[in-house]
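In structure tokens, one chain follows: the form predicted alone.
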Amino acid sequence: MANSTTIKTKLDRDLTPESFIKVKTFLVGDLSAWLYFSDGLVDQSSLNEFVIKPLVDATHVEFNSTTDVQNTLLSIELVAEPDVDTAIMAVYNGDSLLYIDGFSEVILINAKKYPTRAVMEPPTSTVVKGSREGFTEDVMTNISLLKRRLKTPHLKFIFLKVGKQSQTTVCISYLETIADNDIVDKIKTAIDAISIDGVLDSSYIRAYLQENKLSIFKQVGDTEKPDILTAKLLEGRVAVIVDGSPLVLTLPFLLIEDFQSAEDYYSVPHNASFLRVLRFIAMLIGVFTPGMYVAFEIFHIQFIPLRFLLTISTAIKGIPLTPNVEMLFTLFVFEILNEASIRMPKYVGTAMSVVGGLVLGDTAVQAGIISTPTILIVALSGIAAYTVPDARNTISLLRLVFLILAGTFGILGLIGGTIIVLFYLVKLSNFGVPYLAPYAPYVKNDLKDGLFKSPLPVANDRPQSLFNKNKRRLLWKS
């Protein structure tokens, strides 16, 4: 343990004004005291009222150890810290540090106060029915939203620091009576092994939690809504909450989750099942429609109905581009418009995406560069992809791959590509959980919440695909 002189020297060396650290000096009885804090991260009025003033006024108390200080300051959270390096890092994280001359320990004071966004409905997960609350960028606020919904001592939290420079707080949350211990340990080990300068968002952690890092398929779930996260924890999943990000990661992740919505659980099962099937069909339309159109137009024109063929022939007359180049060009323009509308200011972006699409499409058709059916196919594919927004990037990449295969090999290229993708998905897993469960492998019990949703009283079992410890939910009493 360092002596008092060494402690003071280290504090003055590492906690400098250049790093926005301020220090207040005052007397505690006959002893000199120094209070170090990070400007902008603490409530200075609380420090003055609940720390400095009580200590200065306690002239009748003899301070011989940190215990005497803790007994005097009962109205604020204090921790005696023997390790100076740990205490210095806590100051940069928002804690205040009190050092009294001659003490072998420093005292950490929790008086954090910094700007945070209010709890509001997340813009990417709006619902007609259900909770309007969304996570914020503050990890403790997000934990409190979770605790309010799960009032049980079995809700556990593991706190880690990630990033050599940022020292970002990462919290692993799970229900110890449900979640599989091996999966929790693997996630903790993977996060502990991260060696990076800084973690600015949960996406940084996501990259290290994907076992197949080059895969285009999403392997880690995410949500901005506490009610969704609560439901996933109750199924046996593990949450990873990153300070500074409103997006909470969930593991293990199944492909079927992309076709599920929070609103499915607040509506009648028949409507939820219809919407899930609709999203699945829309995904198929988004991926295969451009490739199928090009394949039929180039290689299999005999399969197109005569009246439709006459319409297409009239529309493509005089088009200088080949069908596959024409489709690629139109998709490329569509992606540019989509990216521009996202990056532009909200109201300008909306107007540009609508007006730009209409003007460019109409002008391109009149100029004879692209045909009307091609614009229709691209628009249909693009709209269909947005019915599954979490898989939109994957759909766009697959659409491009299948378009190239269809333009080169025809319908056989589409079939061969589909078989290869299915083989890959069947083999894909993350933390030991099959990606295509409950369909490959076939898990009959989990079909109750697959593409077709069963009524809540019927779904008595938790998903068996997740290797959770407690398979049985509470039964409804008759």
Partner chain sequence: MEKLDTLVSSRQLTVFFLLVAPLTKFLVLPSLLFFTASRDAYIVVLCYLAIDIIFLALMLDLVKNDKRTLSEILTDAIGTVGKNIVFVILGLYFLLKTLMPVLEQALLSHNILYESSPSLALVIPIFAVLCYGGIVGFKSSFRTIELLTMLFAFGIVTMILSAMFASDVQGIFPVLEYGVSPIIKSLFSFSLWFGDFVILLPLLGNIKKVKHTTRNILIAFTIGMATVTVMYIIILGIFGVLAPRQLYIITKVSKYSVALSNLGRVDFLFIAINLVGMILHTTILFTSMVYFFHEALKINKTIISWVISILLLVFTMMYLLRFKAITNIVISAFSYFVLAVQYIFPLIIYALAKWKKALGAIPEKSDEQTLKTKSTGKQQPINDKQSPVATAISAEGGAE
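Positions refer to the first chain, counted from 1. In this text the structure is predicted, and so the values were computed from the model without any measurement.
From this point on, the text means the form predicted together with the partner chain, which you will not see here.
Visitor: Using a 4.5 Å heavy atom cut-off, which of 369-377, 177-185, 121-129, 142-150 contacts the partner chain in the predicted complex?
Guide: One stretch meets the cut-off, namely 177-185.
Visitor: Within 4.5 Å of the partner chain in the predicted complex, do F63, F159 and I205 each have at least one heavy atom?
Guide: Not one of the three qualifies.
Visitor: Could you check which residue among A58, L451, L31, V443 gets a heavy atom within 4.5 Å of the partner chain in the predicted complex?
Guide: Of the listed residues, the single hit is V443.
Visitor: May I ask you to check whether G410 falls inside a 4.5 Å heavy atom distance of the partner chain in the predicted complex?
Guide: Answer yes; at least one heavy atom of G410 falls within 4.5 Å of the partner chain in the predicted complex.
Visitor: Considering only heavy atoms, tell me if Y424 and the partner chain come within 4.5 Å of each other in the predicted complex.
Guide: Yes - in the predicted complex, heavy atoms of Y424 and the partner chain come within 4.5 Å of each other.
Visitor: Give a yes/no on whether H300 approaches the partner chain to within 4.5 Å in the predicted complex, heavy atoms considered.
Guide: Within the cut-off, so yes.
Visitor: With the cut-off set at 4.5 Å between non-hydrogen atoms, does G40 touch the partner chain in the predicted complex?
Guide: Heavy-atom contact with the partner chain at 4.5 Å: absent for G40.
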